[in-house]
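Encoded as structure tokens, the following chain is the form predicted on its own, with no partner shown.
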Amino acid sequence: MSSALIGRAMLGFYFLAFFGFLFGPLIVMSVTAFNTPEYPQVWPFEQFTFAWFQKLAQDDNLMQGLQNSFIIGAFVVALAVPMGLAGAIVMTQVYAPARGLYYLVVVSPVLTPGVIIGISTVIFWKDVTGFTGAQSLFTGMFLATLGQSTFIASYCMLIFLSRLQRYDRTQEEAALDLGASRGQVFLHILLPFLRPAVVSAAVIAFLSSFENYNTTTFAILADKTLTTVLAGRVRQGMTPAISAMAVLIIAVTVAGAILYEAAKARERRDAAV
């Protein structure tokens, strides 16, 4: 057997093992969503059914947690993306000797355990709302949004920083020399350049919020999100309705990725023309 054949065989085995490890659990969970037994199982496959999707739609706790996750995710995007953009712009404006310290400060939430962020958020805002009398703000949805935004904004900032490294500031200087204001430069030059980073940061922010557990479980108080409901279900015993939820999430994710790639391909074709 030649060395080239051995190399191809080893490469094929590596790819098979890699993709099996990556997609195997997803395939197994997807199959259990269409099997009739009460407990998730792949084999023996008794009968094909959509009953678990119907039971999922009738599960009020899961549906409420899913709704809350979408609401929190939307507010996190609205907070984290502007904060990350502001942090990235300031990073490019501060004096070089201070950039190291500034970077350490703004990235520190990423290095802080989520448990600490969740607990500190609850303690801080309990004192703030007690002092100001704004008790209506001391809710799980509000605290979870703020707690998640503190570290997700750092992720967004890193995305913007990577994009700003390719930014040509001579465009700003030319616009200012021609009489444009700082606001006009931001809206008509910088923001269009950062549009891909804005989209990427918004997607990352939403997904990070949607799947977050450590910070959310302490900050959510009496409310619930999809991750906290699922964690409770796992301790009590899973049903294929959870697998049905996973199938729907996978389908939405894949559809979103396909639509995004189709849109990017269309932009590339238009630019080529």
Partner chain sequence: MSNAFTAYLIFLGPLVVVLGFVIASMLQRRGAGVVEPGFFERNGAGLATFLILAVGFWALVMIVLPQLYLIDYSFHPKLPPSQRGGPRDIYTLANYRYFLFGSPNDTSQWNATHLNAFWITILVSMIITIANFAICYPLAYYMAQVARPKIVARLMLLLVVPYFINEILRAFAFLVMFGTGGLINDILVGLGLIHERIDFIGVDVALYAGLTYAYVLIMMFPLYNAIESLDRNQVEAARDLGAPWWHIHWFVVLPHAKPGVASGATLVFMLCAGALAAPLILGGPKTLWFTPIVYDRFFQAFNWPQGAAYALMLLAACMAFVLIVMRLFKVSLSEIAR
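Numbering follows the first chain given and starts at 1. Rigid core: the largest C-alpha set superposing within 1.5 Å between the two forms. Computed from a predicted model, the values in this text were never measured in an experiment.
The next section is about a form of this same protein that is not shown, the form predicted in complex with its partner chain.
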**Asked** How about residue 75: is it within 4.5 Å of its partner chain in the predicted complex, going by heavy atoms?
**Response** no
**Prompt:** Is residue 214 close enough to its partner chain in the predicted complex to count, meaning some heavy atom within 4.5 Å?
**Reply:** yes
**Asked** Is residue 137 one of the residues lying within 4.5 Å of its partner chain in the predicted complex, judged by heavy atom distances?
**Response** no
**Prompt:** Does residue 43 reach its partner chain in the predicted complex, with heavy atoms at most 4.5 Å apart?
**Reply:** yes
**Request:** Would you give me the residues of 145-159 that have any heavy atom within 4.5 Å of its partner chain in the predicted complex, in order from first to last?
**Result:** 146, 149, 150, 153, 154, 157, 158
**Request:** Align on the rigid core first; then say whether the Cα of residue 104 has moved by at least 2 Å between the shown form and the other one.
**Result:** no
**Prompt:** On a core-based superposition, does residue 258 travel 2 Å or more at its Cα between the shown form and the other one?
**Reply:** yes
